[in-house]
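What follows is a single chain, given as structure tokens, in the form predicted on its own.
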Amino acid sequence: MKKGLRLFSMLFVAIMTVLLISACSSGGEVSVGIVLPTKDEPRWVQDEERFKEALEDSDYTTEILFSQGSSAKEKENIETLINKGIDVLIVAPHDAGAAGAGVELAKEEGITVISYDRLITDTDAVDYYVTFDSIAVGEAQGQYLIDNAEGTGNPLYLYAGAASDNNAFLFFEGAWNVLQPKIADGTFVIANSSEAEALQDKAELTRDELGKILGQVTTEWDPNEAKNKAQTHLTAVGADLKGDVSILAPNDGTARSIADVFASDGEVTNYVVTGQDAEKASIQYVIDGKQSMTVFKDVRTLVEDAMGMAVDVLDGDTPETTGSYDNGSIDVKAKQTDVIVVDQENVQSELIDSGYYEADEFEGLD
């Protein structure tokens, strides 16, 4: 009797163990893995929420991990998601080149890789790229400065994103496309970059030439770095490079920091400063006249495009693309989303009426 009871107990334990392992295995599987660069910028937290909402009504599951500005953490996150059985990997890389090591591991497992917002470079392990037109972003910023400049000799302060981010090159290239003719004809005078000054008569810059300029004016996408650089630049110049100034700031976080520095200098009588991402804090700055504009990239559309691609892959369909980008190794098929310039004149129509933000989130909005 005791022997029979013991055999029954052992069989019961064995069955429960198998069921538990099976449950854990199926519960741990994820359809789409997403890796975002940092949780310290409002832009990426906003993207996280949009991604979660995108798959709410589907049978597919997703897990979102943040790299917190570390390439090593990014690779670890990708490995974690691979082990969870993902079929599609979406990555907004912290470092465009370093991200290749992680996505190559995914490709070895037959996982479809989608580069999100920032292009992963120097690897053939990228299947698709979902992006805003980064050249158009820079062109919109540069054109805004041109449209708001009067006469000649306007001091122009140039700032850029991180040199590790391919988008930083594209944004600056776009701005240079429209600003360079106006630098060459004397509308603007470069105030803070000897490298840009040396190249001011050249309409098209090589990657190396862009890199030299970015090396001088990079903010690393860090508001504190942007603040320090702006303070250093204003301290180094005389009154002839102050007065009414034009400032190319790469995104909203850096724009607010740079604007605060220029606003505090008594010899700066007026400034026009660009931005990007339509962050809530910067929209308040735009309303208050502290930041001139921002390039609105509707994250809702970008997320929809990325998740639409992922679902197509999961369903066995071929995702729709609208162009391609050379990542230094292959031409990556891409889907592009348009961008919109927002300033005081159209905050209401573009951001409130469209439902992107609520009016009661801001003060002083007419």
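Since we're looking at a predicted model, the values are computed, not measured. Numbering starts at 1 and runs along the sequence shown.
Separately, the form predicted in complex with a small molecule exists; it is not shown, and the next lines address it.
Enquirer: Looking at 100-108, 78-86, 208-216, 114-122, which lies within 4.5 angstroms of the small molecule in the predicted bound form, counting heavy atoms?
Expert: Among the candidates, contact is made by 114-122.
Enquirer: Check whether E74 has any heavy atom within 4.5 Å of a heavy atom of the small molecule in the predicted bound form, and answer yes or no.
Expert: Output for E74 is no: heavy atoms all beyond 4.5 Å of the small molecule.
Enquirer: Contact between E139 and the small molecule in the predicted bound form at 4.5 Å, heavy atoms?
Expert: Result no; E139 lies far from the small molecule in the predicted bound form.
Enquirer: So in the predicted bound form, does F171 come within 4.5 Å of the small molecule, heavy atom to heavy atom?
Expert: Because a heavy atom of F171 falls inside 4.5 Å of the small molecule in the predicted bound form, the answer is yes.
Enquirer: I'd like to check something about F262: if you look in the predicted bound form, is any of its heavy atoms closer than or equal to 4.5 Å to a heavy atom of the small molecule?
Expert: Looking in the predicted bound form, residue contacts with the small molecule do not include F262, since no heavy atom lies within 4.5 Å.
Enquirer: Here the chain is shown alone; which of W44, Y325, F51, F66 has a heavy atom within 4.5 Å of the small molecule in the predicted bound form?
Expert: Only one listed residue qualifies here, and that residue is W44.
Enquirer: Name the residue from D133, D95, D277, D127 that puts a heavy atom within 4.5 Å of the small molecule in the predicted bound form.
Expert: Result of the distance check: D277.
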